[in-house]
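The chain that follows stands alone, in the form predicted on its own, written as structure tokens.
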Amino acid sequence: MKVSMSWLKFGLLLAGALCSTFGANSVIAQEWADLKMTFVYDGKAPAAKPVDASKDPLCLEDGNKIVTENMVVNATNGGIRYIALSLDVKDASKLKIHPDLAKASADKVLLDNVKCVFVPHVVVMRSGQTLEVKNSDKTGHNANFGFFKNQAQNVTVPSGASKDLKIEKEETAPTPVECNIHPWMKGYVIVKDHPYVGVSDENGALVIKGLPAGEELKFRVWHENQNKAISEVTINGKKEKWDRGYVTMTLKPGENNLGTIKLAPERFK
């Protein structure tokens, strides 16, 4: 069967058009990035201050010693604990979210009372999840949440008991939680409509996984003891300005390690 030259040209043009229309989608398929960094105190690590818990002897059983948690710095490597970095977006419904992270876990998010401190000190959760407030201590506690978007709640949690709180809405800032029975007890709850929040560990290391690569992203850095906003940092020896605690970056696919980020003592109260 003979095919005319005009029909052959038409077929080639059609094939090219189909490739450019459909094939491009596979070429520009969304890629994902992991963001890593380590926050370090640029000076002598401040010592945590002891707490006077003598009014409740149950808090001091088995030689338990309680210290403040608003400024926790690793004495060995200077790592700053409990720094939070969160992706800042106005409408999370338009955000590209990694398929593995698109749906919030059905599991409850735990906030425990252990040896008369909140554990973890900074809780991260998605809007729509349930927060389980547990009391593993022998003494009673309460948890007073200063939510702004969600209903403020103050729940009493007897020893060995727990209370569930459904957190429906995103909070614009970390929400403080306090125990009025034991006034030194304070923690924070970060509630977002997306999964892109990281909190630094005992070595100051922070990781956020599955971020959309190749587009400009804006992040907010926060620490409960910051002096106003963290606006100046030193990254791998080079000073940088972060606009009132916000930093914008475009991530490449795969791992993006910013390295060591040093914060001067004056960045904190």
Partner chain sequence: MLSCWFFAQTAGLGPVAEIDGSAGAQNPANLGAKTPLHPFDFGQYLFKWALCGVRPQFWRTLALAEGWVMPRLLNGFRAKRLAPMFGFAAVAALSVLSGCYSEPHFEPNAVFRFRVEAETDQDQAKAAEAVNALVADWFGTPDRPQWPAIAETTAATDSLLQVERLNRAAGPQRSDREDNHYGLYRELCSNCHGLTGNGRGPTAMFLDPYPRDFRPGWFKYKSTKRGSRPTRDDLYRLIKHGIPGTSMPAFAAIESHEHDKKKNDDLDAVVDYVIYLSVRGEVERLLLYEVANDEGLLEGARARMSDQPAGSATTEVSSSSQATSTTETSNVSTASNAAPVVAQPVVIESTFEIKAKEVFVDVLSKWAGSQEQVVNAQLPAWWNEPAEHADAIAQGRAIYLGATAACANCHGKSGGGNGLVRDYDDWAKDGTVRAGIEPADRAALKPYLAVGGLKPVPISPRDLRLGIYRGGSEPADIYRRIVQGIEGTPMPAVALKPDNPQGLSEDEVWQLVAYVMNMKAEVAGAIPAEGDVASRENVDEVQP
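Numbering follows the first chain given and starts at 1. If you're wondering where the values come from, they're calculated on a predicted model, not measured in any experiment.
Heads up, the form predicted together with the partner chain isn't pictured, but that's what we're talking about next.
By the criterion of a heavy atom within 4.5 Å, K228 is counted among the residues contacting the partner chain in the predicted bound form. The partner chain in the predicted bound form comes within 4.5 Å of a heavy atom belonging to T172. A92 falls outside the set of residues with a heavy atom inside 4.5 Å of the partner chain in the predicted bound form. Using a 4.5 Å cutoff between non-hydrogen atoms, N142 counts as a contact of the partner chain in the predicted bound form. Contact with the partner chain in the predicted bound form, defined as any heavy atom within 4.5 Å, is confined among 117 to 125, 144 to 152, 92 to 100, 74 to 82 to 144 to 152. Scanning K238, R244, K65, K44 against the partner chain in the predicted bound form with a 4.5 Å heavy atom cut-off leaves one residue, R244.
Applying a 4.5 Å heavy atom cutoff to the partner chain in the predicted bound form picks out P183, K186 from 183 to 199, in order along the sequence.
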